[in-house]
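Given next, in structure tokens, is a single chain: the form predicted alone.
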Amino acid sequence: MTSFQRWAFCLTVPAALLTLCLYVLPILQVLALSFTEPTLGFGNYVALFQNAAIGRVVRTTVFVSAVTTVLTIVMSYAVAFALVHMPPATRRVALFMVMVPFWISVLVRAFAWITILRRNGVLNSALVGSGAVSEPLELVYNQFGVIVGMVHYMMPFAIMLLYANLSEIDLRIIQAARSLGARPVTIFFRVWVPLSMPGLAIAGLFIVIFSLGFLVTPAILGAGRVLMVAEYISVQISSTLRWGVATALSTMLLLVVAILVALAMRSPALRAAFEGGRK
């Protein structure tokens, strides 16, 4: 090891120690509590598979996360695709509009959706006033409201990931396909979509992992009627004080995320996304 390499290694030591103290040790503590609270053994993990309430929470989390991922990917891809084809001046304005939600608190956004979706809110008032519906629709405090809020939160992240991927596609390939007589629909499905698979893969993985641990938006827009894993863990720790069940569920959630990442990294598209900068 050269002196420069030893110096570079020494520079990483403080960050490694900080990560060990603030990230690794708390995770190990959570893992230990899942085996020791309230009694020593695997009782908390057995309860996860035998408790019907936890089963409903897991099914709700999987369903909401899956729908959120699909809707976010489809709508974000449409926006990112439009951004790539915009004139530079218009694109700058559009990118600014995409970035605006980053500067607004998730709490503010959730309560704004309540204002829009509630029975006497903006949307229901417009629908009833226009005669489209005879009575207000139930748009919030249910799965629909939670999914709307989560999709709105996820879209800026997905748009930026997909836009970065789409903007790197060589437009000469598109021009070549067009010169060979390919129609726009054919170019989209046989050129744009395959070439954007790394971006789609990493955006999808990001949204799935984020959705599985989502807390604030489901808690506010679901109002306790749409209980997801993160909120269930929060209730077990802060209200019922069942630390054993909460830590066991946290450990299972962490394990699921790790498995998803490991499986995704077997995909050539996702490896290309992570290793794209390597030469």
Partner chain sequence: MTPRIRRLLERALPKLFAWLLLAFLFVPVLVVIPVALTDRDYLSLPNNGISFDHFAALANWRAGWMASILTSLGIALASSVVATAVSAAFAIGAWVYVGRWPSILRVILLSPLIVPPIIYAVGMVRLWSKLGLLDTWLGVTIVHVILAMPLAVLAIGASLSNLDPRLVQAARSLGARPATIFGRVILPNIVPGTAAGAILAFIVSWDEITVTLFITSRGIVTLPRKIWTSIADAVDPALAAIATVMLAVTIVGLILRMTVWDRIAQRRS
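Each form is matched to the other, and the largest set of C-alpha atoms that superpose within 1.5 Å is called the rigid core. From a predicted model like this one, the values you see are computed outputs, not experimental measurements. Residue numbers count along the first chain shown, from 1.
There is another form of this protein, the form predicted in complex with its partner chain, and it is not shown here; the text below is about that form.
The listed set Val62, Ala47, Leu253, Leu227 contains one residue whose heavy atoms approach its partner chain in the predicted bound form to within 4.5 Å, identified as Leu253.
Here is the short version: of Ile174, Ala82, Val128, Ala164, the single residue with a heavy atom within 4.5 Å of its partner chain in the predicted bound form is Ala82. Of the stretches 166 to 174, 129 to 137, 153 to 161, 195 to 203, only 153 to 161 has residues with a heavy atom within 4.5 Å of its partner chain in the predicted bound form. Mapping the unseen interface onto this chain, Val257 counts among the residues with a heavy atom inside 4.5 Å of its partner chain in the predicted bound form. Mapping the unseen interface onto this chain, Ile54 falls outside it, with no heavy atom inside 4.5 Å of its partner chain in the predicted bound form. The closest heavy atom approach of Phe35 to its partner chain in the predicted bound form falls outside 4.5 Å. In the predicted bound form, no heavy atom of Val70 sits within 4.5 Å of its partner chain. Contact residues in stretch 175 to 214 (any heavy atom within 4.5 Å of its partner chain, taken in the predicted bound form) are Arg183, Pro184, Val185, Phe206, Ile209, Phe210, Gly213. When the rigid core is held fixed, the Cα atom of Leu255 travels less than 2 angstroms between this form and the one not shown.
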